[in-house]
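Quick setup: one chain, the form predicted alone, written in structure tokens, and binding and motion questions come after.
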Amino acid sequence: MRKIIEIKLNPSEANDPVRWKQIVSRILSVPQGRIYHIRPIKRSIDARGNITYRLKLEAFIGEHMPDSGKIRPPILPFVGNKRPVIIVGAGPAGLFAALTLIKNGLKPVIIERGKDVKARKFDISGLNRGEVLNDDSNYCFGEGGAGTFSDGKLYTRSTKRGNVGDILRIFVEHGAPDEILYDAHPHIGTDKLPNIIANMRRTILESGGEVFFNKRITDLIIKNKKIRGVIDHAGNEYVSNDVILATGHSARDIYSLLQSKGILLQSKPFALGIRIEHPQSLIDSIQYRMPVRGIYLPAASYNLVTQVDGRGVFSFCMCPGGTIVPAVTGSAEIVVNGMSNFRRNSPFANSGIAVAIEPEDWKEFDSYGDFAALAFQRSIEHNAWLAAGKGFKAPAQRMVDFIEDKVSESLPVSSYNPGLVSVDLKEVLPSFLSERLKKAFIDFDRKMKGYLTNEAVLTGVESRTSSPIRIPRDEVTLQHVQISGLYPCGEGAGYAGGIVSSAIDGVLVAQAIK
């Protein structure tokens, strides 16, 4: 017999499975010895009053859990001799598309401009030290895509487009902790994701798929408005009548390639702002209303949103116990992002704070046509580079100083390794954006008293929240509206935002290929 039960526990009890059995036994009036297993289904924290964990549990009474509840690696067909489908990009959209193709009896051929996830770590280390940027292997490019080294948060609102549970289960099949299946805001962590991504590649290869690294696509083979394959930078041709374009939101050269081929693109709204960093202890004290959070509570997070002068301003990719990292992909730009390890044990909390960007904001770039929004985005990133001294250091300003239009005399210690330069962020951000941020911070402080403080530092710029360009596709076939067999996919195509939504889009596109 199985029973579903929901209970509230204090933080200490919530971390003690023995206590779960005692409480379930009492509530169900069943001897503890009859409760063979207890499996968590949902876990969340309620900090509105006395801090409690809300747990939904499945109790197995007088029977064992099937296969001891262990999720095992998938058994997939061998597709080495099946029809090939080219996937450009090995991010979540590309990887999950590949796994879906295999299930459907097709052979995925992944072509990735960057390095495998292990080799990619060395290039990222050099970038963190502010030494050198590898244009094809960095925080955005390489096996696993941008999500691999930017936190691994798996929360999404994209439930209408696919099964989030299926995505999370595939992660667990490849080594992710089981708790992502039941945590309200699942998180893997930058330290664990590389091995999981490598395991996914191993599954693809063992099933007969192919994966090529260090192969930047520079041309498409198109005949009579039908895709016939792709060509890499060394002139190698990869032939297929189906090509999934899953290149991520920062592959600007792919947009230029499509434009040069006369393939339709569209500017689209996105969001842009800064990344803010507080001491994690301060965020903990605000959210948990206690001076020290203790050992049974995780580093506290927050989710803030407001409307300022008709625009949404919101927190984005909040990283409790995290670090700020350089997410540049080219010269003469500064871009920052956030990440955290599985344990989220850094002394810092950071989050993107973004303002919705609309077509009226990029009017001065209208001469760029479909690249107008992208040109606006690049101009802000270039401003940040100029303001911080034309290197890898980032422009920064204390939070209260920003609101009061003061250049900070000093900056607090930061997790951003290349270093910060004190500037007036008005040199970097257009006035419509900086003024909305100021008003938003005041409103955020009403919602989280103590949030507005000069202990916090603003770092610029957080500009890669999503793609400023959409590669339009037919709503039914998911192929490009002009080119048969070309499947725009994921963040780079403008149809996703984050690891899970990108993975979902990869699954949807792969399922559309017959």
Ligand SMILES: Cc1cc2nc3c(=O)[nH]c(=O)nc-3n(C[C@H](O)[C@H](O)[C@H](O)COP(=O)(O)OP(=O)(O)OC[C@H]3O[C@@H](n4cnc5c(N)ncnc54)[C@H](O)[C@@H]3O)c2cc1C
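Start at 1 with the first residue shown and count on from there. The structure presented is a predicted model; accordingly, all values stated were derived computationally and were not measured.
One more form of this protein exists, namely the form predicted in complex with the named molecule; it is left out here, but the text below deals with it.
- The stretch in contact with the named molecule in the model of the complex, judged by heavy atoms within 4.5 Å, is 334-342, chosen from 334-342, 427-435, 303-311, 77-85.
- Taking 111, 272, 167, 440 one by one, only a single residue has any non-hydrogen atom within 4.5 Å of the named molecule in the model of the complex, and it is 111.
- Here is the short version: of 402, 139, 416, 171, the single residue with a heavy atom within 4.5 Å of the named molecule in the model of the complex is 139.
- Proximity of residue 321 to the named molecule in the model of the complex: non-hydrogen atoms within 4.5 Å are absent; the residue sits far from the partner.
- Not displayed here, the named molecule is approached by residue 150 to within 4.5 Å at the level of heavy atoms in the model of the complex.
- When contacts are judged by a 4.5 Å heavy atom cut-off, residue 201 does not count as touching the named molecule in the model of the complex.
- Not displayed here, the named molecule is approached by residue 247 to within 4.5 Å at the level of heavy atoms in the model of the complex.
- Shown here without the named molecule, the chain has no residue in 416-432 lying with a heavy atom within 4.5 Å of that partner in the model of the complex.
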